[in-house]
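Just one chain is shown here, as structure tokens, and it is the form predicted on its own.
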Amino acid sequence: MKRTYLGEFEEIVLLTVVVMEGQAYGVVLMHEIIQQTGRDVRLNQVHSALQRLEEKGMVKSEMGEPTAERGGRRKRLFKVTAFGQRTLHEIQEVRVNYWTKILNPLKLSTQL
């Protein structure tokens, strides 16, 4: 099976969409990413990543209901697709395999 690769920022945005559980939209994603990573993130970067992820079929979006907090404007809410979830699981497996190898005590002792 051919793997799908994501850039590091796309992976963080995709993970954040999962964490937000159906309440993910641009501004709230930006604030969550800043809080969790400490990096300087702009809204246009988040929107660009969401657009790429949607084009790849990893997220889907729909317009939410108008809210008073946004002056009656609607939010575009994002959810992760099954393909996006499978991609995150594949990325996790690769990373866990590497971390397991690094954390092997025998390997650590040979590096000193």
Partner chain sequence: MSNHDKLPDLPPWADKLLRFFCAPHLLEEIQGDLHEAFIHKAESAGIRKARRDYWREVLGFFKPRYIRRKQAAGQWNHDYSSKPFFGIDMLRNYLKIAFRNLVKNRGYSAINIGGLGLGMAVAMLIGLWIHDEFAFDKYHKHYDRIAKVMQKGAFNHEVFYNEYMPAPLGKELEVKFADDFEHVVMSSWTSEHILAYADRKFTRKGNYLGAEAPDLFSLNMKQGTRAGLKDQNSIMLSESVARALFGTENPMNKIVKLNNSMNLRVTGVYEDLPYHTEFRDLSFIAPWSLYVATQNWVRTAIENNEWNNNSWQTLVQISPNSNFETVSAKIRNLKLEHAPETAFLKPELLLQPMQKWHLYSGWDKAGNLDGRIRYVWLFGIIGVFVLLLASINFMNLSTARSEKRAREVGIRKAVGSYRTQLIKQFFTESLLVVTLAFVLSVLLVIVILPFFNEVADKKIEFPFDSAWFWLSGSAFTLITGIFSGIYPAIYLSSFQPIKVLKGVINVGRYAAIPRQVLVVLQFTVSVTLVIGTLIVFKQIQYAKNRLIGYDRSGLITVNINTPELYGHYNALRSDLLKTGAVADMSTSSTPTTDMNSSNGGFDWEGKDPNFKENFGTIGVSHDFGKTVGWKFIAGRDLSREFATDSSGMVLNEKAVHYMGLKHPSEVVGKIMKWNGKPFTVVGVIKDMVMDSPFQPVYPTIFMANYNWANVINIKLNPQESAASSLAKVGAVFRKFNPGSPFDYKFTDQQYALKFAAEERIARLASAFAILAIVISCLGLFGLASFTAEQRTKEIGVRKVLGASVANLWALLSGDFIKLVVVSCVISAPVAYYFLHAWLLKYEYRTEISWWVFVAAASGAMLVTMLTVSCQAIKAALLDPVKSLKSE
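Residue numbers count along the first chain shown, from 1. Quick caveat, the model's predicted, so the values are computed rather than measured.
Keep in mind that the form predicted in complex with its partner chain is not shown, yet the notes after this line are about it.
Any chance Val27 has a heavy atom within 4.5 Å of its partner chain in the predicted complex?
Result yes; Val27 sits at the interface with its partner chain in the predicted complex.
Is the gap between Arg74 and its partner chain in the predicted complex 4.5 Å or less for some heavy atom pair?
Although its partner chain is absent here, Arg74 would touch it in the predicted complex, with heavy atoms inside 4.5 Å.
Is there a heavy atom of Ser48 lying 4.5 Å or less from a heavy atom of its partner chain in the predicted complex?
Output for Ser48 is yes: heavy atoms within 4.5 Å of its partner chain.
I'd like to know whether Lys60 contacts its partner chain in the predicted complex, with contact meaning heavy atoms within 4.5 angstroms.
Contact with its partner chain, no.
Are there residues in 33 to 48 with a heavy atom within 4.5 Å of its partner chain in the predicted complex, and which are they, in order?
Going through 33 to 48 in order - heavy atoms within 4.5 Å of its partner chain in the predicted complex - the hits are Asp40, Arg42, Leu43, Asn44, His47, Ser48.
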